[in-house]
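Below you'll find only one chain, the form predicted alone, shown as structure tokens.
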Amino acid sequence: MSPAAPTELLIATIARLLQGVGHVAVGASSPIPGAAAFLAQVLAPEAMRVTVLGSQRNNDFTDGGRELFDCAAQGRIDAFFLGGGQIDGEANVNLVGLGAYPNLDLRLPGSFGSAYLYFLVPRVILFREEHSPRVLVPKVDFISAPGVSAPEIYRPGGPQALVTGRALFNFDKAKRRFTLISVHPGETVERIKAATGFAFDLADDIGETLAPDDATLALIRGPVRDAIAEVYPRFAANLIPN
């Protein structure tokens, strides 16, 4: 079987972060997280529910995003994904725009329900393929969704990890900092430091991100590819078929 492509490495990496999750919800424009959720569902020894917005087969919601928010408030969503035009070292996310608000240099899609879900979903995985100082910044220009909150604020949810096209980080809420866990094939710690605009800690045993084995690749290129094709046909077409 041909080696894992970078996209397949990301799918497998995110899927490992979803172990033990009961219900994972996938928002809009999220083909890689969606594929990872389907892979985790196939691999899970226990039942895992996957809800993908925009899907007819894997979406029991009858009221779109509003029902997603209701389920999160009821504690019925265990994992979700967030990205952003900017992400900083305290896991703050910017989905509003670049520059000094309100006179933005570039307008981004908007916050939608990101802050709400960030506060309520216990396991939020930050994901952004681009790993550069432009995206991973010392401080976001606008906080769409804060990564941490004051102790007196009720907040069962928050960031667990950050997955990029170059590395995997865990997030420590007490320290309000990321820790580099592994680098993807071809990367080094020095290259990750140079490409990251914020300071981060280093795990004691940083290694190379684990590539999917042949059995996992067969799942990605087979049933996972078929499942994600319903919502993201162009993305699925670019995955290597079995």
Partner chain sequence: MVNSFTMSLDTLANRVPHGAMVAVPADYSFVSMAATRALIRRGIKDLHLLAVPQSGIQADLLIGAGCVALVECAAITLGELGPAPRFTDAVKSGRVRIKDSTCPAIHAALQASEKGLPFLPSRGIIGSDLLRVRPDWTLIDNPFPPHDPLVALPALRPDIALFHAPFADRRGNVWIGRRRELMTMAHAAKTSLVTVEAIRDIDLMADEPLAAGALPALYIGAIAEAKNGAWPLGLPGFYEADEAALRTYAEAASSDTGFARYLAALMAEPHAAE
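Positions refer to the first chain, counted from 1. Everything numeric in this text was worked out from a predicted model, so none of it was measured.
From this point on, the text means the form predicted in complex with the partner chain, which you will not see here.
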> Do K175 and the partner chain come within 4.5 Å of each other in the predicted bound form, heavy atoms counted?
Replying inline: no
>> So, R107 and the partner chain: in the predicted bound form, are they within 4.5 Å at any heavy atom pair?
In response: yes
> At the 4.5 Å heavy atom threshold, is D204 in contact with the partner chain in the predicted bound form?
Replying inline: no
> Does Q41 reach the partner chain in the predicted bound form if we count a contact as any heavy atom within 4.5 Å?
Replying inline: no
> in the predicted bound form, which of the listed residues (A195, L180, L53, M48) lies with a heavy atom within 4.5 Å of the partner chain?
Replying inline: L53
> Which of I143, A161, V135, C71 has a heavy atom within 4.5 Å of the partner chain in the predicted bound form?
Replying inline: I143
>> Which is the contacting stretch out of 165 to 173, 125 to 133, 112 to 120, 83 to 91, given heavy atoms within 4.5 Å of the partner chain in the predicted bound form?
In response: 112 to 120
>> At 4.5 Å, heavy atom to heavy atom, what parts of 49 to 65 sit next to the partner chain in the predicted bound form? List them in sequence order, or say none.
In response: L53, G54, Q56, N59, F61, T62, D63, G64, G65
